[in-house]
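Given next, in structure tokens, is a single chain: the form predicted on its own.
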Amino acid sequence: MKERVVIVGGGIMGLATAYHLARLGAENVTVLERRFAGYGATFRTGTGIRESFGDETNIWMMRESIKMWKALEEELGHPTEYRQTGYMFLLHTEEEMESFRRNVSLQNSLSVPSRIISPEEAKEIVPPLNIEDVLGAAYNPEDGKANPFLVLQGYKKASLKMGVKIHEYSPVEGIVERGGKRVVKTPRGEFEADILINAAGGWSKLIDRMVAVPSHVEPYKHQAIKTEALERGQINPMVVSFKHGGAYLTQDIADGGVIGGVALAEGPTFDMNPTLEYAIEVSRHFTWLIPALKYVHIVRQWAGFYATTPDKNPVIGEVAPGYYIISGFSGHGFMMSPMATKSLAELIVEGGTSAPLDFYDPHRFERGEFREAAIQMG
């Protein structure tokens, strides 16, 4: 494949797409990143990876992604700290119990080994958990987490080895058409593109505007925290509670510090300043779920974007001739990145893919076709 491919965005979507394009034989791939690789959502993610969705397509995509996650460290020749430590959705009402029974039934029909467990079983898995108001939990031991810093570095190094050019601190200042091709303008010069890919995450709508196409991705500020290091193994799965602030929390692999957040979104906005209000909310909800956390210090708080679409499902595919988008994952980009980026690369190089990308068709909103909103926390 001799066409010149320019990818805007050096996060997990941009670099993993570049990697898969190069693997499929693309010879002229360039990635442009406004700051440093991973600056956007990738280095601000909560690390979680799950099959536990409520619709067939997202379950399928994540089932296939997890197969890829298992092999990724060996494939890239770089550590990822991927571990299958599970996800546990705490259920506090009969309505939640019934909803998640349906989800688990669907997941089981697609070979996902999730199950409904009792409060006592949940506490066996997470000993410091408060089960005072818990009726049950949906638990999938195949779900897990990985280190986004290591994963991105793995994709970056592997892409460079295959000839991908990565230009950091190269924000896109404009896109024009010249001689039948798109020309991307940056402070480092102009880049001519036969194929242009928008992998800009929260900034995607700015690139859409430059290409003069409708945009359906908006940046919503979400925040997260990390605590001091704790003894490992106390909170292995990602614990989720919609009743308690849409909270999600787990211990990271590196040092056992608790990482997570609550549902306190702001936007649309390009503001990424953390707030005291958020620190108060996350402390209140975390210490209800895990009372022992009241004695633990928060050592880091940050903000980033959920690149969000109207139905909280991504947009993946061709928007206009030669212009593609892979964005709008609404908090699910890191976990879904293996299969999403591979399938887009296949679509571009081979003209088709086995993945159900029609579900993520960028033009569905213009047709008034909204998907069922994907399960989202935080």
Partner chain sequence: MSEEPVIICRCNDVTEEEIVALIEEGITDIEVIKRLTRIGMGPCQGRTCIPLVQSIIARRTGKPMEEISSPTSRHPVKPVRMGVFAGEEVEE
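Fair warning: this is a prediction, and the values are worked out from it, not measured in the lab. Positions refer to the first chain, counted from 1.
The next section is about a form of this same protein that is not shown, the form predicted in complex with its partner chain.
- Three-residue candidate spot F191, A320 and F365; no residue lies within 4.5 angstroms of its partner chain in the model of the complex by any non-hydrogen atom.
- Contact check for N236: no non-hydrogen atom falls within 4.5 Å of its partner chain in the model of the complex.
- Within 4.5 Å of some heavy atom of its partner chain in the model of the complex lies at least one heavy atom of D252.
- Interface membership of M97, defined by any non-hydrogen atom within 4.5 Å of its partner chain in the model of the complex, is ruled out.
- In the model of the complex, its partner chain lies farther than 4.5 Å from every heavy atom of T186.
- Considering its partner chain in the model of the complex, the lone stretch of 108-116, 178-186, 205-213, 279-287 in range is 279-287 [heavy atom distance within 4.5 Å].
- Checked against its partner chain in the model of the complex, the candidates M162, I298, I131, A263 yield a single residue with a heavy atom inside 4.5 Å, and that residue is I298.
- Only one of P274, P268, P141, G246 comes within 4.5 Å of its partner chain in the model of the complex through a heavy atom, and that residue is P274.
- Taking its partner chain as it sits in the model of the complex, the stretch 145-178 comes within 4.5 angstroms of it through a non-hydrogen atom at N147, F149, Q153, K157, Y169.
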